[in-house]
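Read the single chain below, which is given as structure tokens and is the form predicted on its own.
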């Protein structure tokens, strides 16, 4: 496992504010999904949070073991949570890729395009340079649920199809996001809209989405169709949430987390639920899969928002401070404005005055916004672990636990 990044070393030295949401402090929101509310750092942010000893425990492990030892030796809710202390775990990506051989070639076969230019556009991001994080989670969840149900580790063809469909929906959303954001780079290369223009890029994104829908219909399960079409609805609603903002400071964080769920976590949550339905008839298992996907998905995006302030362009494959330039107030900004109230006016005008982006970036780096957001991502990962630990032990279940560490320590 790669050693922990500098973010974690910095976190060892800070004391977070009281009121930061922990697992036991997640409160209800307008949609009843249990979104957390923002923390209010005390002056000098020296007030220790109730769970800070837990964080210090996590961060004090040697890099060799990092967070995994804590994850794998902690008893979670449910009868199947106990694993052997000191057990070694396979690299989750190596384990998951066994079911994803020729992933991108199979996706390209779904994109039955006769027009050369449209074919080139649709296949542009399916070049194998992406992390394939979502398909990895989906196939690991499928096998974990299969083992839990009947101790069978075989992967159903329909479950693997869900992994392909998830990656296609995700990629279509990237094409559309880049158009909306007028982005010029993605994964270290020019975006589709920069090369072929906005109008053609819209059509390419639509075509990928339609191909995913055809593949979904081919599975022939109306429940699965209903579950995954919810993702498409959430993507649209999430984009509308991102285009708006809340004047009431107390509503902003709930708005941000809801947007994060719909734009990022819904795909993981519902894809995990879909493969669990195909592999196990128990609704309890379906909810476990959904909750794992939801919580690791939100954590993934929270860290993504942190990296927008802490990584360089070469690491990310896209410009840094991109969210600020788009007028977006992400987690680090929302936490920072508790210490720098003058940021509220900048948030409402979406950082559109000269110097707003640079000032906001400095405020975030001077505050504990990055650390608070990272801590919140930890809490979501802890909840994901608690859920998945209810399943029967298997290499795939343990790989899903280890994936939470990868989410928290990634640098791109």
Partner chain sequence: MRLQELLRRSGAPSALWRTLLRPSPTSRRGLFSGSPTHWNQVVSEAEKIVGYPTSFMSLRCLLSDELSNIAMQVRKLVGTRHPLLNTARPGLFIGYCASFPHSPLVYGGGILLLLGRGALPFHRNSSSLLVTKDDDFLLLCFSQRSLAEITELIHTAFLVHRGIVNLSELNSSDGPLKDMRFGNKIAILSGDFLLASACTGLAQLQNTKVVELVSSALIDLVQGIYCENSTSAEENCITDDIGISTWKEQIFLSHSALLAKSCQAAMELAKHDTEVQDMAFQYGKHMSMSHKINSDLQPFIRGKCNGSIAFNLNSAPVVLHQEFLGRETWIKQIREAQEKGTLNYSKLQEAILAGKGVTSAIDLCRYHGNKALEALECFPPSEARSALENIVYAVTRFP
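Numbering follows the first chain given and starts at 1. The structure displayed is predicted, hence computed values, not measured ones.
The same protein also has a form predicted in complex with the partner chain, omitted here; what follows describes it.
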Is it the case that residue 247, even though its partner is missing from this view, gets within 4.5 Å of the partner chain in the model of the complex, heavy atoms only?
no
Please run the contact check for residue 282 against the partner chain in the model of the complex: heavy atoms, 4.5 angstroms, yes or no?
no
4.5 Å heavy atom contact, residue 220 to the partner chain in the model of the complex:
yes
Any of the heavy atoms of residue 251 lying within 4.5 Å of the partner chain in the model of the complex?
no
Check for me whether the partner chain, as it appears in the model of the complex, comes within 4.5 angstroms of all of 306, 381 and 402 - heavy atoms only.
no
With the partner chain left out here, work out from 128-136, 191-199, 287-295, 268-276 which stretch has heavy atoms within 4.5 Å of it in the model of the complex.
191-199
Candidate from 342, 154, 117, 102 lying within 4.5 Å of the partner chain in the model of the complex - any heavy atom
117
From 229, 320, 185, 158: within 4.5 Å of the partner chain in the model of the complex by heavy atoms is 229
At a 4.5 angstroms cut-off on non-hydrogen atoms, which residues of 231-259 are near the partner chain in the model of the complex? List them in order.
232, 233, 236, 237, 239, 240, 243
